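Before any questions on how it binds or moves, here is one chain, the form predicted on its own, in structure tokens.
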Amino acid sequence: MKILHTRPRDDGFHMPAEFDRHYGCIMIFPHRRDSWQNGAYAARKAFAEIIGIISRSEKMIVCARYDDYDSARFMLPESVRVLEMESDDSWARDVAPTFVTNGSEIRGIDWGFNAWGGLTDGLYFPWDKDNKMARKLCDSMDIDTYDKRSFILEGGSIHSDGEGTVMTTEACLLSKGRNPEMSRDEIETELKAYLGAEKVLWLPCGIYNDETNEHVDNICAFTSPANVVLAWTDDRNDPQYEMSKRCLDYLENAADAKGRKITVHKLPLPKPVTITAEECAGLDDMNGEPTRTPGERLAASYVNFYISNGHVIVPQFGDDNDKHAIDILSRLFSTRTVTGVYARDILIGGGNIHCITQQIPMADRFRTGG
């Protein structure tokens, strides 16, 4: 593995779209007891179900700590590669490398990671194991990696259409805990240079009470070029209504890098999901303080789906809109099977299905996958 100090766009590389055919997926076996209730056992079952579906159509790499390797190997299909690697938590989308490609080769980007805000408003400390994962993964796969640890960025804060347009939120990338010394224009310049983009769409906000400072992957996602799904509620008394409306107004007046108007498909939100006292009791404290409060609203959203080569895996919450979300996504992804997975046990940990997955693009030397 080479550590690169050039910029991907200058080298002819770009971030592909998630809906493009790809080689595989990276996940991290859950373990953190102040994130995952009752020793992460329920979360592990949910992860294993998702891994099983993904592995039907693409390669799977699952990272597990030394203490959890045997458990992961026992629970997961034989086709899944279990890689022993230490981590602070299990959010592969945010700590694994962002992969870029020139069509025949893939490379990784090793961003800086500070647990979604560092000492300003981050979610845990320390985060040094997570911050090392991107480079370790590239090394294990013999993939060259761009050193960009000086720039704080999580994979869930960006979406690409693969054709020059990248989408993010102001609430996240302009937050004080990430790159406070940089202006919006300076951040945009870095995104274009490292993701091979020509245009950045800046949505104003994300999902209410999203502790990642409102990642874009919970509010809006590309389903095809110039088409997005947007998390939506018709309830004007819900604080999410104004947040989604601001994003809708922005997108309806936006064009992508090729000058195409953005078509917005509203994806209804479930009714507000809150954590119970019993669920809180199953979580360990962090430094003597609880990590959740009974009645706390969780950032549930159907937009947080994962697109595998054969499936679209959609979180389900036992809500009336579960099936409605699957029906909408089935129309938008007609060549894939849209499959629901009950995701409450993942949501308690602070994220959802998209948050725990990171795609590996296709390249010439990976053509055997998928």
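Computed from a predicted structure; not experimentally measured. Residue indices: 1-based, along the sequence shown.
What comes next is about the form predicted together with a small molecule, which is not displayed.
L123 is the sole member of L123, L251, M141, I187 with a non-hydrogen atom lying within 4.5 angstroms of the small molecule in the model of the complex. Heavy atoms within 4.5 Å of the small molecule in the model of the complex belong, among the stretches 141 to 149, 221 to 229, 72 to 80, 206 to 214, to residues of 206 to 214. Interface residue remark: C25 is not counted as part of the site for the small molecule in the model of the complex, having no heavy atom within 4.5 Å. The small molecule is not shown here, and in the model of the complex it never comes within 4.5 Å of any heavy atom of F99. At the 4.5 Å threshold, heavy atoms of D94 reach the small molecule in the model of the complex.
Shown alone here, P361 lies farther than 4.5 Å from the small molecule in the model of the complex, counting heavy atoms only.
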